[in-house]
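One chain follows as structure tokens, the form predicted on its own.
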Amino acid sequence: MAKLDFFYEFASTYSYPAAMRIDDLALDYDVEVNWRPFLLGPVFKAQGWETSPFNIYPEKGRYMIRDLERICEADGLPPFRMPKTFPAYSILPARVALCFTGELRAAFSRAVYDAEFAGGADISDTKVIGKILRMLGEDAAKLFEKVNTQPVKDLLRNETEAARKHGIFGAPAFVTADGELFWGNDRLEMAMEWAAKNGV
């Protein structure tokens, strides 16, 4: 089966609709998706940015919000809602996601995006993440202990470094087995098609 790496940031607005539709598309294209959370902060700092470009350029930020409102309506998602803090401090959910594999990582990630961009929740809040974990039948207390261990911290650093090595400069990003990079929710179908045509 063809494979596709899905690099996503929980603070990334455009990663939200991509996360909500990627698995259904993968079934259509017969592609296996590897969900890879990472942090954009170090990537932005390497570009000389201390925050999101949507904050640096207010017009771009206003456009982004309206664009996501349209995308969510078109995709049948709940109305887009910006959380009070943007970009979100996303280390906690990223580390939690890396404690899971496969469908459980995907399900947790979708639930975080739903809480954040449909519910306006603060995803750095352990109460918010704890509620999601309990909804998935997971032991929140044990996971909150695990996310502070060195192996999990190192795993997130490694994923962020892997994103940088692939030349990723934003999220969502998709990398095919032959190394092709596609950036943006609007390139998801193209990435799927490329992955399917060029095999494993």
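All residue numbers are counted from 1 along the displayed sequence. Owing to the predicted nature of the structure, the values given are computational and were not obtained by experimental measurement.
Beyond the structure shown, there is the form predicted in complex with a further copy of the same chain, which is absent from this document and is the topic of what follows.
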Looking at heavy atoms inside 4.5 Å, which stretch does a further copy of the same chain contact in the model of the complex, given the options 128 to 136, 144 to 152, 30 to 38, 57 to 65?
57 to 65
From the list A118, I91, C99, I71, which entry has a heavy atom within 4.5 Å of a further copy of the same chain in the model of the complex?
I71
With the partner left out here, check for me: in the model of the complex, does some heavy atom of E180 sit within 4.5 Å of a further copy of the same chain?
yes
Answer with yes or no whether A171 is in contact with a further copy of the same chain in the model of the complex, where contact means some heavy atom within 4.5 Å.
no
Taking any heavy atom pair closer than or equal to 4.5 Å as contact, tell me whether T51 reaches a further copy of the same chain in the model of the complex.
no
Contact label in the model of the complex: Q47 to a further copy of the same chain, heavy atom within 4.5 Å:
yes
In the model of the complex, does every one of P87, L156 and E161 come within 4.5 Å of a further copy of the same chain, counting any heavy atom?
no
